[in-house]
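Consider the single chain below, provided in structure tokens and representing the form predicted on its own.
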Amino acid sequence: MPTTTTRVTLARRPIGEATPDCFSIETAPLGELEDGNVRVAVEYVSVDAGQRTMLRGEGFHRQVGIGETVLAGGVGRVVESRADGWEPGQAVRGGLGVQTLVDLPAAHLERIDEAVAPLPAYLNALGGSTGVTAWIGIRCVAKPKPGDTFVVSAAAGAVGSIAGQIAKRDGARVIGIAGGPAKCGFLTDELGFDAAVDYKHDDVTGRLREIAPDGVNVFFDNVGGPVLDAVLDHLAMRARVVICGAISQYDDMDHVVGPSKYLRLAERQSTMEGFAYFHFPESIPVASAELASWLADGSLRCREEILDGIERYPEALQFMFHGGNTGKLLVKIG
């Protein structure tokens, strides 16, 4: 049985971009497993934009202290147990952190069933920060109607790609905003979006006027900044703007650039609402069950981009903020 764990720790707080030199990779001893705890071998960890906000030292999300293991949702298997009903080999999900082995109270873990979906899917389509967030954002907040023009930013990313598919399923005309021809092709050719806007090469405002001449009825925003302003400037009457994230702002949360076009909300009798999936706890089981059924019948398409090796986590976070990944970004630990 291993007696040490390898972990990624925060070496210094990022100023601006979280570059790899902000992190250290360390080996730490494992103590004796306590009663009620299990030891988990971590197999995959989720790379999420919100993890950048955990490195500041203060903020809405839990914070990582200097020298502490970087927080991350993960999946893995029990390798040792001192908790009743938990046996070695059981697949689990929880806040495992970016490390190879972790000891946690069994109450902090969730059993997962590989007969339903493979382990990575529990951080992707079935993950709280990904598929469940998209489902709740669409079904509980945005509520697009048949015939609505629905626009989603970071559309080729983990949440955006699923949110757009659910909106399409619910009868909306779906337009995705993404960076580069390959991502835009992924949206229209593979996911069935009606149109795509390449924010790296297109004039977003001009392109929206062209493909959505009657305005945007629902905007699901994951980016903030200039993209949010461009869509606000093209809202239809009584539109709904949903704030899921703002990846463009996370590197400098002390100087967030707010929307300069917010008066369009008043002019067009529109609303803007933010959310997080855990604001709707009663909907999480419903979302999880429906997402699992769509995975099973093949009607939900999800892509994963996986970097291999715990030492690649710092690179992975930077890769995400440079817009490198298509679909869900994961690091394979073991």
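This structure is a prediction, so every number in the text was calculated from the model and none was measured. Don't overthink the numbering: it's just position in the shown sequence, from 1.
A second form of this protein, the form predicted together with a small molecule, is not displayed here; the remarks below concern that form.
Remark: none of the three candidate residues (Phe193, Ala196 and Leu300) comes within 4.5 Å of the small molecule in the predicted bound form, counting heavy atoms only.
Heavy atoms of Trp294 never reach within 4.5 Å of the small molecule in the predicted bound form, leaving it off the interface. The small molecule is not drawn, but in the predicted bound form it has a heavy atom within 4.5 Å of Ala49. Within 4.5 Å of some heavy atom of the small molecule in the predicted bound form lies at least one heavy atom of Gly179.
For the chain shown alone, Thr100 is not a contact residue for the small molecule in the predicted bound form, no non-hydrogen atom being within 4.5 angstroms.
For the residues Arg173, Arg240, Lys183, Arg93, the 4.5 Å heavy atom test against the small molecule in the predicted bound form is passed only by Lys183. Think of it this way: in the predicted bound form, the small molecule has a heavy atom of just one of Val231, Ala154, Ile138, Val75 within 4.5 Å, and the residue is Ala154. For the small molecule in the predicted bound form, the listed stretch (219 to 227, 202 to 210, 112 to 120, 142 to 150) containing residues with heavy atoms inside 4.5 Å is 219 to 227.
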